[in-house]
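Only one chain is given next, in structure tokens, and it is the form predicted on its own.
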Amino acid sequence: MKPRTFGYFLREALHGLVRNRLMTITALGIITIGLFLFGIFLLLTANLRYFTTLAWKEVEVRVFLQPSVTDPATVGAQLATLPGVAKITFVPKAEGAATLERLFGQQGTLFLNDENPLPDAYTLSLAEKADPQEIAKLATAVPGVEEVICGQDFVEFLEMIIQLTLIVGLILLTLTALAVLYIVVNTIQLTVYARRKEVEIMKLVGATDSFVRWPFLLEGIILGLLGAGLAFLLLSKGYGFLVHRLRLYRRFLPLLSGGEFQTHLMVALFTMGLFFGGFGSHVSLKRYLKV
């Protein structure tokens, strides 16, 4: 396509948007809302996955020793050789008692007469992609081990929540996408209908379908890209504000920082905006090109 021809198509598209400004504003608002919801879904799932990754890194296996064990170091040496164990930390029963007393606010009064029923223990930090259940099973078989507790239940529950969020979110996004496409198609159809005589005359004098179609396609593409830009602006500013406000609670509520998601979010929104605009225009033009 020659630059001069494209310039003509672009001028016609902009003229059509301005001439039907009410429908243009309506379609732009609908596209922006739809892409905004799509962006929220992306941010939510990305942060849930990020949180799950961090949670898996914090999963530990707690190994309690039998009271009869007189040499905990021997048991610890065997635990350290288990596949998937990155580091072991010895927790003597005195330290365990002190931790419980701090938690319950009963410093020095929880265990009277120096009676400490807690066993010595080891905390096993796991290597990346290690299976906590398998390590717990292997640790149970080590001589001197009385009980093994594996703290992966919360992470598995979180993964289940992510899967449920994905399913519900995809259903809602599909309905939103259909609604946005419906609005775009009807907006472009109104524009084409208002210029149907012009389209018929152009077809009768020999204009090709592509020559007639391009200005309307550009109208839809411009609407889609503008909606994507507005949605991205709202999301990036709103999410940046949220991250800033919650920075003091980052330890308990970790969120992806702005630089870690902006590029992917922008690409996803503009791709969806291009699809909404281009495909919606293409569908709306079919009936009017049959002259």
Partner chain sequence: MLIAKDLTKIFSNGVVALDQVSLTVQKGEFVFLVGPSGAGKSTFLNLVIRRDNPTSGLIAVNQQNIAFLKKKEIALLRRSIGVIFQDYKLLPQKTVYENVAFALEVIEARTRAIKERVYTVLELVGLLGKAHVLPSELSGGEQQRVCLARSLVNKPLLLLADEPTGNLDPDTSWEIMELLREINRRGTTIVMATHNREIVDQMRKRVIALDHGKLVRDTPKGGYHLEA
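Note that this is a predicted model, so its numbers are computed, not measured. Residue numbers count along the first chain shown, from 1.
The form predicted together with the partner chain is left out here; the points below concern that form.
Participant: Would all three of 53, 242 and 263 be in contact with the partner chain in the model of the complex, where contact means some heavy atom lies within 4.5 Å?
Facilitator: Zero of three within 4.5 Å in the model of the complex.
Participant: Is residue 211 one of the residues lying within 4.5 Å of the partner chain in the model of the complex, judged by heavy atom distances?
Facilitator: Heavy-atom contact with the partner chain at 4.5 Å: present for residue 211.
Participant: How about residue 178: is it within 4.5 Å of the partner chain in the model of the complex, going by heavy atoms?
Facilitator: No, residue 178 stays farther than 4.5 Å from the partner chain in the model of the complex.
Participant: Would residue 197 count as a contact of the partner chain in the model of the complex, using a 4.5 angstroms cut-off between non-hydrogen atoms?
Facilitator: It does: once the partner chain is placed as it appears in the model of the complex, residue 197 has a heavy atom within 4.5 Å of it.
Participant: Look up in the model of the complex whether residue 172 has a non-hydrogen atom within 4.5 angstroms of the partner chain, and give yes or no.
Facilitator: Residue 172 lies outside the contact set for the partner chain.
Participant: Would you mind picking the one in 161, 201, 141, 77 that has a heavy atom within 4.5 Å of the partner chain in the model of the complex?
Facilitator: If I apply the 4.5 Å criterion carefully, the residue I get is 201.
Participant: So which of 85, 118, 91, 207 gets a non-hydrogen atom within 4.5 Å of the partner chain in the model of the complex?
Facilitator: It is 207.
Participant: Based on heavy atom distances of at most 4.5 Å to the partner chain in the model of the complex, which listed stretch, 277-285, 8-16, 264-272, 21-29, is the contact stretch?
Facilitator: It is the stretch 8-16.
Participant: Heavy atoms within 4.5 Å of the partner chain in the model of the complex is the criterion; list the residues of 34-60 that meet it.
Facilitator: Contacting residues: none.
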